[in-house]
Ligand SMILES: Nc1ncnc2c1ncn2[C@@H]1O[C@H](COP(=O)(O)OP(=O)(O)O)[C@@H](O)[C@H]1O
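Shown below, as structure tokens, is a lone chain in the form predicted on its own; questions about how it binds or moves come after it.
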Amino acid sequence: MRIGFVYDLREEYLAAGYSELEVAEFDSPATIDEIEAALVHLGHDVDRVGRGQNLARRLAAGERFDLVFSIAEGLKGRSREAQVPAVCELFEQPYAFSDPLTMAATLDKSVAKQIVMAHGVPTATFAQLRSAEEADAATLDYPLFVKPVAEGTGKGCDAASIVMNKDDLRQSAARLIERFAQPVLAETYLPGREFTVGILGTGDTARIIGIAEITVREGAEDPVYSYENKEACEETVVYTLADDAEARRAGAIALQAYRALDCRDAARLDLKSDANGLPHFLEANPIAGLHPTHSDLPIIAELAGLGYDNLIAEIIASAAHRQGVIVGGQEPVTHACTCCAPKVREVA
């Protein structure tokens, strides 16, 4: 297949004057090289499109790809991760990963939690605060965990995110609202084990590839899975493949949430247990990081014995089959969801 590879390169935005924090979710040249190498190794022709604006220009000029593989996060707005999928749909361009609605809903943690709650998925009691003053009206049991409502990569999460009373909540809310220019999510703090679950496929075909327990090392500056700890995860975090009863329950809950949110092809979901050992949904990442040794989803794939190339291969296969693309002369797999399936096309 000819694959249009779309991404946000961190160094390009830094050169344009953006801060390290603003581009924390963007990718390094090493990540782009590794993904391209995997795709080429699998027999695909890769065209490095770059950022979403480049894709929009090329599609508007009439160019098409057999499949767009986008890991672009976008820069502004709570629907920024939906921008590339929306452009693809505008131009009837087949693409991998979830659709714009799922991308937008999962980035907004409050919206995602409301959706999964409606499907019976356990998640901590929460409130969205648009101002520090709203902290006084919040009727939640302390301690709480406070974080920006629409950020990833642990941005805004640190030791100060754990608040014990309304004064602390007001101060933390004010700090995060000013820093990230968006509401904050305050949820009941979960003191138990932390899991991240890798899932591949779509709908009824979705399956868990592995469940990793996350443990922050005692010597880490922050005791939580923060932006700083994610950036230095090789030194500060331990990932352990987990298969005990509590971990398996976390996996089942993650799969339930994955389907409730209509995630497609691949995603990583984060959960944390309460004091009784019941895992609760935290958030879903439908375009999880794909650096082979630094990102959680590939780490899960490696721990589970799937490997990096096979992870990429399964994402591509899921997207191609879901959209009726014939790869290498093989018949496509028909999925129950037909809303996103264009006419069958054959690809060398």
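Position 1 is the first residue in the sequence shown; the rest follow in order. Every value quoted in this text rests on a predicted model; they were computed, and no experiment measured them.
Keep in mind that the form predicted in complex with the ligand is missing from the display, and what follows is about it.
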Quick one: in the predicted complex, does every one of D8, E73 and Y95 get a heavy atom within 4.5 Å of the ligand? no
Examine E314 and determine whether its closest non-hydrogen atom to the ligand in the predicted complex is within 4.5 angstroms. no
Is E302 close to the ligand in the predicted complex, meaning a heavy atom pair under 4.5 Å apart or at it? no
Would L282 count as a contact of the ligand in the predicted complex, using a 4.5 angstroms cut-off between non-hydrogen atoms? yes
K272: heavy atom within 4.5 Å of the ligand in the predicted complex? yes
Contact assignment for the ligand in the predicted complex, among P183, G154, P100, G210, heavy atom within 4.5 Å: G154
Taking 4.5 Å between heavy atoms as the contact cutoff, choose which of V87, V224, I253, A127 touches the ligand in the predicted complex. V224
Segment that reaches the ligand in the predicted complex - one of 34 to 42, 316 to 324, 53 to 61, 282 to 290, heavy atoms within 4.5 Å: 282 to 290
Enumerate the residues of 157 to 194 that have a non-hydrogen atom within 4.5 Å of the ligand in the predicted complex, in sequence order, or give none. C157, E187, T188, Y189, L190, E194
